[in-house]
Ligand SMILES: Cc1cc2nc3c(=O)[nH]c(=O)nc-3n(C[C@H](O)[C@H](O)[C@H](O)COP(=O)(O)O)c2cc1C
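To begin, one chain is listed below as structure tokens, in the form predicted on its own.
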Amino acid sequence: MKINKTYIAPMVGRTDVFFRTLVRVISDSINLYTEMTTCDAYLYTDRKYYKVDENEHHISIQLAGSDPKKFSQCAKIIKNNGYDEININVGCPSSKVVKGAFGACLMEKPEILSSIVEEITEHTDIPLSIKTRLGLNYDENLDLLVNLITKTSAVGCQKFVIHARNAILGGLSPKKNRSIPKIRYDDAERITKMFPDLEFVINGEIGEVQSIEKHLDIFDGVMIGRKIYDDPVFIQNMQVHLDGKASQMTRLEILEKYLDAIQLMKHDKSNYLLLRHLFGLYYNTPKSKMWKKLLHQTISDDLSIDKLRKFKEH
């Protein structure tokens, strides 16, 4: 089954428990990721109390930071809370991570990254991976990445998610960092050939089922973010194309199942938190504008969410 080689990218402000619930309604096989969470946020907020629901597996939590000891502290809690994998963020280029010297900054500090890997592997047996970029700023030399993979794989990391473009530190917003540095799938493929015994997942500007199929001929997995967030029904198209799955739910059936799934989760939660990930449900359909209007009204006027069940597709 090829769909279990696809991954939802970690997206800040998006891949929360409600979006993950929506994805699981559509597919029980695609791999889930949490939002990026700093070690401090995980250790010192109520995030550390969240227990993974049995329906969320396989799910990875993405951690960011630069203190190896804090990573090991997080790893022990994460293991007990039922996560399947820890992913270390070595790709985020935001001003916050630059100021804190973590995220993509760690590409230049493979020794610290190796210490993080060692701390996690010494204190827990939870699998781990690293999500990184091809390089930093406008230098297309792959030496930074090769050095990173060489040193971290030597101490236990066997899986790498490669966002196939550089990270520009300073001067570009995270949003522009997802488009202005050019995409370089060929260089990502070169890395797989240099390290044939390691596992590589490709990420970046992948939004067509044919391109997913093509990438799976080269890489061990494909990670998709904005395309699935904007058009969650795309997951069904992937399942049909990759696995030949014929049966598909209608959008109304997806909505019904999602509203049923959040019944026990909606206590004291605002309509905004419960429903904000549904705006793309009718993406690129004649009903998109009408659906968004109804959804916006339900959120802003705090109406009963069950009224959404009466939405007319035709």
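Numbers follow the displayed sequence, beginning with 1. No experiment lies behind these values; they were computed from the predicted model shown.
Just so it is clear, the following notes concern the form predicted together with this ligand, a form of the same protein that is not shown.
- In short, of 5-13, 287-295, 302-310, 21-29 it is 5-13 that has heavy atoms within 4.5 Å of this ligand in the predicted bound form.
- The closest non-hydrogen atom of Arg226 lies within 4.5 Å of this ligand in the predicted bound form.
- Among heavy atoms of Glu205, some come within 4.5 Å of this ligand in the predicted bound form.
- Interface membership of Gln62, defined by any non-hydrogen atom within 4.5 Å of this ligand in the predicted bound form, is confirmed.
- This ligand in the predicted bound form comes within 4.5 Å of a heavy atom belonging to Met36.
- Scanning Lys76, Arg184, Lys214, Arg178 against this ligand in the predicted bound form with a 4.5 Å heavy atom cut-off leaves one residue, Arg178.
- Out of the listed residues Ser129, Gln239, Ser114, Asn89, Asn89 is the one that sits within 4.5 Å of this ligand in the predicted bound form by at least one heavy atom.
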